[in-house]
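Next comes just one chain, in structure tokens: the form predicted on its own.
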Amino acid sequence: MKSGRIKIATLCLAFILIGLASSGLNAQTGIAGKVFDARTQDPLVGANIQLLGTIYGTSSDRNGNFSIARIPPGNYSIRVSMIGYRNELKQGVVVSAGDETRIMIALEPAPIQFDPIVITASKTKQRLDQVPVSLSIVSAEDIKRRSPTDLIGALETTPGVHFVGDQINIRGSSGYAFGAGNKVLLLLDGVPIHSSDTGEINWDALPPLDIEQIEVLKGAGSSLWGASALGGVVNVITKSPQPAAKWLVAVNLGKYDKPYYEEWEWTDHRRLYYLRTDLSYSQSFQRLGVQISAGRFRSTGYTQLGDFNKYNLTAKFDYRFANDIKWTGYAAYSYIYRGFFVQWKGQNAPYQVDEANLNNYAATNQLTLYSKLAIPFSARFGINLRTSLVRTLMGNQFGESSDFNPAVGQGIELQSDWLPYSNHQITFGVQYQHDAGSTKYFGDHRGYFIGPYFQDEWKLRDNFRVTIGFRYDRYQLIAGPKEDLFCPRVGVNWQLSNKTILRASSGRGFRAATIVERFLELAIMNFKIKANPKLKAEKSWAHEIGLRTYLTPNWNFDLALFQNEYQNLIEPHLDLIRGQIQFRNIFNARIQGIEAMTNLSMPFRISHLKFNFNWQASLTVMDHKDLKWNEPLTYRPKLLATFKSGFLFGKFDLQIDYRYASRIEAVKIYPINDRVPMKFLDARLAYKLGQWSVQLGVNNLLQYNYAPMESNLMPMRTFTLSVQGEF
């Protein structure tokens, strides 16, 4: 009944806002133009056009044309950006009353996108080199280059990011919590999509084929994104419907090699493989855009209970009303049937499980829906209304009877963007989230949080910006405790010269315990998980100072110093004597360190042949400890390093990726067992033929054996074949 009232109220609010916007927008002036490749003169489809100093923006159509209507007369600047090209700033564009100003914009190709447009740092579009915080980008080209089979594969070479199982760790914020609770917030086009009972992230919620860009915000993001953004934010931005009909196809085949030792071979390795197939269709029909994708991911696994079947179906629609009001709707459904490998049978049988656990299979399905309405009331004021629903159903997860009910999370957010003066950009709004979940393992629980927020990006000078913001979050567990926190944030972006930018930020983070972390009571293997209803919310202060400099137009360097202070950090506590696991608070913890990253691209020609050498290297050094006991935090390496290199010659592209993580010093279950650092080397050779590419690769080329947590080995050497194309 309550959800019904929320939906009716949302619809009424949307219709009222559309009516108000339609009545207030009736001017006739505007800007129209065309975007094209500066070298070939070909029109560019899907270029992003922003009218600076206003909230207006659009994209170019199938012929490279664009138009922005109802602009007040004046003198404007236009910024045009597109992946694969350098940004172009067109200044002094004069708009006169009753006239349409027409401009032509030529974009120069760029081997690497150094200053892409991002949205996660401030909830509005801005250039990466103008944000006050550390933000890493994974582009659609990066994803295509690695041909990942899921979001984890797309993110695992991101600087400062490390995975333990399926739990993400950004600059040491997270350890390993057995799938319950995440200190990183996952967003789908700006909408939270974690499970409402466990807080778990479903990395199979959408296929890599749908992704336009992934933005990874490092450090607490609670002042804008609210609870759960304690350790960072991952915002997955999906592709928009294309102006002309387009099919995308991706097929990824992987074949597991023999284990490192012959005695580890538990089955005929020739039968161990995976196959992922995805198909996507996109087209715009007048004002309506449609994009539909479907995929299947099947694997035998490389271990017992490692097999799974996963299905994806996604659909995205957008519709432009008169007066540039835009509605976007998105639906994603995933079904997963998989085995659960909790721990190996023994060191001499690391790919097998105890015979008593061979029936540990579970089915999970998740439905994610969101609706967004963007209404420009004027050139300087507009609103965005977002509603969402995430429904997750697990079943028979631990070999017992199926007693799970759907966990349902419903959210609504109203965001306003206001430019009262040319040097102020104000963002304010309020977000409401209602979560519910019930099983016989943790009972029936419901809770909600509400968070009003405000932020002002103040441009004191052309090269100096100050960002001031805050958010108040109230979390209320129905018939339970309530917790709240005021989260302020201040940030500075100072362009010292055309080549060097200094940034600094300080802000608070907040995350309330999930339903599972508070109330789960379960016997699993030889352990009992005990409830802890008195868990307190996690809080943090995150401080950072960073420097980015462009050594040449194709070579940049980024350095960041960070320090995060945590109070009541929620971590699983293992009592070996009683055989119990319980989530408890660590009262004070600190993570501090330094992160450095550099990108280089060297295009050149020999005769008529094109060559390009590029590489990216990153290093993250951290010190983390429980301040009460002066001990390192568990499941967190102290050093992360990545190296990615590519050499393009003609239609061939040779790629090398290397990932390193230092030996984890502290674990929970078997602390005296030997542990080693992570050293993974991947190599690929791709051949491009028109709009199609074929890629042969080897993951874990050196057949390195690594366990991110006790009694769990990562995959052995794997041979891959990938075919991607569009028509």
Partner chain sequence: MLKSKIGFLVILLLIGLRCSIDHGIAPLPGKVAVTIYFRGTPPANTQGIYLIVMPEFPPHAINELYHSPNSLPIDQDTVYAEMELPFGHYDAVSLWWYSTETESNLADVLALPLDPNNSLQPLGFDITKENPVFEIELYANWSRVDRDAAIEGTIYFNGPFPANTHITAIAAYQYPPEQNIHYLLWLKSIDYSINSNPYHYRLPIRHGNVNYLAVFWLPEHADLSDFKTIGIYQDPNKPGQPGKLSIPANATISGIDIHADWSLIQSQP
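Here the structure is a predicted model, which is why all the values come from computation and not from measurement. Numbering follows the first chain given and starts at 1.
This protein has a second form, the form predicted in complex with its partner chain, left out of what is shown; the following refers to that one.
Please pick, from L576, M104, I656, L496, the one residue with any non-hydrogen atom lying within 4.5 angstroms of its partner chain in the predicted complex.
That would be L576.
Sort through Q347, N588, T552, N423 and report the residue having a heavy atom within 4.5 Å of its partner chain in the predicted complex.
Exactly one residue meets the criterion: Q347.
Using heavy atoms only and a 4.5 Å cut-off, decide whether all three of D354, K528 and Q580 touch its partner chain in the predicted complex.
Yes, because D354, K528 and Q580 each have a heavy atom that approaches its partner chain to within 4.5 Å in the predicted complex.
Report whether the minimum heavy atom distance between W264 and its partner chain in the predicted complex is within 4.5 Å.
W264 belongs to the contact set for its partner chain.
Its partner chain contact in the predicted complex: E141, any heavy atom under 4.5 Å:
Close contact is absent here: in the predicted complex, E141 is far from its partner chain, nothing within 4.5 Å, heavy atoms only.
Can any non-hydrogen atom of K668 be found within 4.5 angstroms of its partner chain in the predicted complex?
Flag for K668 set to yes.
At the 4.5 Å heavy atom threshold, is K628 in contact with its partner chain in the predicted complex?
Yes.
Can you check 40-48, 682-690, 60-68, 698-706 and let me know which stretch has heavy atoms within 4.5 Å of its partner chain in the predicted complex?
Comparing against its partner chain in the predicted complex, the contact stretch is 698-706.
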